[in-house]
Ligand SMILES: C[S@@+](CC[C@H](N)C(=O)[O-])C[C@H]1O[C@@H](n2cnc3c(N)ncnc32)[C@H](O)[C@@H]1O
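Take a look at this one chain, the form predicted alone, written out in structure tokens.
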Amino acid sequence: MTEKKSTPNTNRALKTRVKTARKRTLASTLWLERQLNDPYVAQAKRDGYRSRAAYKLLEIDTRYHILKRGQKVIDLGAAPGGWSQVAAAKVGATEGAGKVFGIDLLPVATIPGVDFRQLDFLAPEAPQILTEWLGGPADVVLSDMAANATGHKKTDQLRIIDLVELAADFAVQVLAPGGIFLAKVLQGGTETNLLAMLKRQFAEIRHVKPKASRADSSELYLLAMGFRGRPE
């Protein structure tokens, strides 16, 4: 897929209002209204991206240049595929220059340059399987996964921290020295133990809040660069 250069117009003059339908809850109505008025959702449709999340990765890559031609990339929890689309364009996967593997428990429709597998990354054999598919260690591991929200802030923070810790553990098993790990977390939800582990394994750790993240969202991204490599 050719990388798109268009920028969402975040200054819409008119706002679409959604009436509450008989079988639609208030929460569903508010979500639908937000989607209809989200400039990134509209832009994703025009640019052919599977989700608005594509712009978050594009913005992070513009700032930190984490995706380069010829790299091997693993996208954890890839559905619906927005991040995989961006990665494939950046590494030249459609021209055979790089490789992108997306894994998810859900099926994902085909994307040029991306190889999808229905696989649980927590399975003990998953790191070896992915390394074999890639033909060697990965250069980048991406994770835009989020645990299902309960509505209880502390519980949700603990659940996403646990998920990020598991993704980080997977990443250090499959990354090549110098590799990069990027994962979604929640503001105020990055515990000391997780940061301490990442600082031991990576040369540089950053917290990033892309503009494409909704203003009312507590999400941000944990970027770990310069993987030190696994001990022999």
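Start at 1 with the first residue shown and count on from there. Superpose the two forms; the largest set of C-alphas matching within 1.5 Å is the rigid core. All of these numbers come straight from a predicted model, not from anything done at the bench.
Omitted from view is the form predicted in complex with this ligand, to which the following refers.
The single contact residue among 97, 158, 129, 147, judged by any heavy atom lying within 4.5 Å of this ligand in the predicted complex, is 147. Among 134, 119, 89, 114, the residue placing a heavy atom within 4.5 Å of this ligand in the predicted complex is 119.
Though the partner is left out of this view, residue 141 does not reach within 4.5 Å of this ligand in the predicted complex, counting heavy atoms only. In the predicted complex, no heavy atom of residue 58 sits within 4.5 Å of this ligand. Although the partner is absent here, residue 73 lies well away from this ligand in the predicted complex, with no heavy atom inside 4.5 Å.
The shortest heavy atom separation between residue 51 and this ligand in the predicted complex is within 4.5 Å.
With contact defined as any non-hydrogen atom lying within 4.5 angstroms of this ligand in the predicted complex, the contacting residues in 72-102 are 77, 78, 79, 80, 81, 82, 83, given in sequence order. Annotation: Cα of residue 121 displaced by at least 2 Å between the shown form and the other one, core superposition.
Comparing the forms between the shown form and the other one on their rigid core, the Cα displacement of residue 130 reaches 2 Å or more.
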